[in-house]
Structures are given as C-alpha cells and as structure tokens.
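Just one chain follows, in the form predicted alone, and it is written as structure tokens.
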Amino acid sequence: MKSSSAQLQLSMTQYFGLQIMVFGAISFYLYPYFVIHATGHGFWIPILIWMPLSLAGSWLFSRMLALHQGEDAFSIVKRELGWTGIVLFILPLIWFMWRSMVVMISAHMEIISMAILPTTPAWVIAGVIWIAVFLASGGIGSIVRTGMIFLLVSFPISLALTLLGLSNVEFSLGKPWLHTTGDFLFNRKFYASSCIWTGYLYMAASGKFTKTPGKLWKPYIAASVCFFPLILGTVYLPVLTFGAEMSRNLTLPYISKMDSIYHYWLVIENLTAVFISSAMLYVILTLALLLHMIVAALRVIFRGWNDRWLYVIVGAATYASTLYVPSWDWIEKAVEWDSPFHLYLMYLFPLAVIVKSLFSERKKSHP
C-alpha cells in the first residue's frame, strides 16, 4: 500500500473534486445559522469577505508545500521547525481535525434524528465513522476514486435542490441588498462562519501527491467559485422564504427550507430526505480525508506505528466522543470556540514555515 501511494499522482481535477466534497460537508448545517445570526441584512457581504481571505490562505499553504516537493505538510514542518513546529502546529492541527470530525458527525446525527430517523439510536447513526475508517485505510487513492463517484451523485442533487428552492422565494425579503453597517465584524458568529473556508487544510496530507504543489491554490479557487452559488443558497434560500427574523429562530434554516418545497409534479415528496442522503456522501468523504490527515500527522510523531491500527484508534476515539456530545447548543458553541484556533492554523501555520525557510536560505547564501 505504501509503495502504491508513493507512486500515486493526483491531477488538479481530482483536487478540485475533493475540495467540492469538503465544501459540501460543512456548508449546509451550521453555516447558514452563523451567517444569518451575524448580521441583519446584506448577508452576501460577510460571505464574500471570507472568500478572498481563504484564497490568500490557500496560496500560502501551496507555497509551503512547494518548499519540499513530494513531502506532506507535517514532514515539512518537522524539517523546518523541528519539535517546536510539532508542538505549535502539528498537535493543534490534529486536535482541530479531530474536533471537526466530532462536530460534523454530531451535527448530522442531530439532523438525521430530527428529519428522517427520529427513533434510530444515536450509536447507530454515529457508525458512519466506520465507513470513513474503511475508506481512509485504503489510502488517498481509495479516497480520491470514491470521492469522484460521490461527486457525480451529490453535487448534481445539491444543485438541483438549490434551483428547486428558488421556486417559492420572495426576493423582497432580502432587502436591503447593498446596505450594511459592518455590525458582523463585532459578532463572534461571523468569525465562526469562517469554518466553511478551512477546506484547503486537507492539502496538508494530500498535497505531496502532485508534481506542482505550488499550484494547489488553483483547484481551491476553482472549487470556491463553482460552489459559491450553493453557499449563497444555503443562506439566502431560507431568508427569502421565511424572512431574516424567522430564519434566526430556526435551528436548521436550510433543512426547514427543504421541507417547504412542494411541487405536484415531483415524484419524490420528501426532498429533505434526498438532501440529507446526498449530504452524507459529502460527510463520509470529508471524514475519510480528515482521518487520512490525522494518521499522516501521527505518523510523523510516532514513526513505526501501524497505519491500520492508527485508523482504528482514531475512529474509535471519534465514535465514542460523539456519543457524549450533550446537545445541539454544544455543537454551535464548539465551532465558535474553535474560530481563533482554525484561523491560526489557516494563516499562521503556513506563514511561519515559509518565513523560517526564507531565513534559512538567506543564512546559506550569506554565511
């Protein structure tokens, strides 16, 4: 498995597909809630602000990976910063990725329980992590191949549901469209909404499978542009259907929006179930990527450990933790608490490694 992984080369199209899946996994549940609560109008403005900021972060991340082609970000950090880098960046990134998995699974457990399977025990729904463990244990090649299949199913469904959602909206509910007071800048939920733009962090483990790691920001930009209409839809479809005030009182605005769609000609009556089922494909793929990242990071720290056992241990720890998540409120708070943390990893992590590399090169050229 290791030798085949070493020879594997991923195309920019495949990185694009993986990034689309990551966007899909974190766009539809908490993100609309954070944006709608961050401001009273002009929701597209806080959405748009994070987009160029994330593009800058993805460029930094690509530059960091280009320092040592063929190595993952964790090996580069250890090479450039030693154990200081492991403590300051790799361990926090492991913690963040693990927390992201717990939040993601817990959120979708709540969604599935509330919308389609109210009598199903939580321990059964949380078992989705084992599907991701099986997928991740096959290596990045297995993840990519499965991701491309999932993409062909989930993305068209998401796009179709977004277009269907436009059929019963009232555009006057979105006014004022251009006016903003900048109130969101002082709201913690605005910074929590940056969680959707952390997707390029998955490059940390998979960026070594390209001959041009310095160009990995390009598929991220392409995926951001392609998924941007759906991101807008997650926020504006509930607002243009229920109004901003009522949308704030909904725990899951986008799910409620799906419930409101009805057309006599639709063969499938329960569009919410269709949406949740397709969203789970995004989630499974993203969980597999996160598991792959965590194991790749642990491998740098604990050399010689068996990969398959690491996948099982991380999967078991995640599964057990999701069963102890107390409430939906905890899930919302967890994302808010992690906001400074993931911003630190999005920007300071790659920047510190790049700066250290530049200083090292200057010392070599000017002894």
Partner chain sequence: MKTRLHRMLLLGCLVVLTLPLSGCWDVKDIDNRLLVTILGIEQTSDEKVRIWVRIPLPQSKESAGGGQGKEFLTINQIGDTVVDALDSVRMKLSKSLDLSQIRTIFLDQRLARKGFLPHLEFSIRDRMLPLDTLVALISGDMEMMFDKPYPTGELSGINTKLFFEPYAGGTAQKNLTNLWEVFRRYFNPLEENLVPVLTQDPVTLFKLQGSGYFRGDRMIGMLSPEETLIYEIVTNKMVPFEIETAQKMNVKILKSKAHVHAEVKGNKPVIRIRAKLTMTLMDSASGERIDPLSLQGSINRLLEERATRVFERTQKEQSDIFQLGNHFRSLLPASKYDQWPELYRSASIDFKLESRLENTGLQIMRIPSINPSTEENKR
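The structure presented is a predicted model; accordingly, all values stated were derived computationally and were not measured. Numbering follows the first chain given and starts at 1.
Below, we refer to the form predicted together with the partner chain, which is not included among the displayed structures.
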Could you spot which one of Ser277, Thr120, Asn187, Thr212 gets a heavy atom to within 4.5 Å of the partner chain in the model of the complex? Thr120
Considering Thr162, Ser256, Thr180, Thr146, which brings a non-hydrogen atom within 4.5 Å of the partner chain in the model of the complex? Ser256
For the spot marked by Gln19, Ile49 and Ser194, is every residue within 4.5 Å of the partner chain in the model of the complex through some heavy atom? no
The stretch from 202-210, 234-242, 73-81, 151-159 that lies within 4.5 Å of the partner chain in the model of the complex, judged by heavy atoms, is 234-242
Considering non-hydrogen atoms and a 4.5 Å limit, does the partner chain approach Phe228 in the model of the complex? no
Thr198, heavy atom within 4.5 angstroms of the partner chain in the model of the complex: no
Should Ala115 be classed as touching the partner chain in the model of the complex when contacts are defined as heavy atoms within 4.5 Å? yes
The partner chain contact in the model of the complex: Tyr262, any heavy atom under 4.5 Å: yes
Using a 4.5 Å cut-off on heavy atoms, which residues of 289-325 contact the partner chain in the model of the complex? none
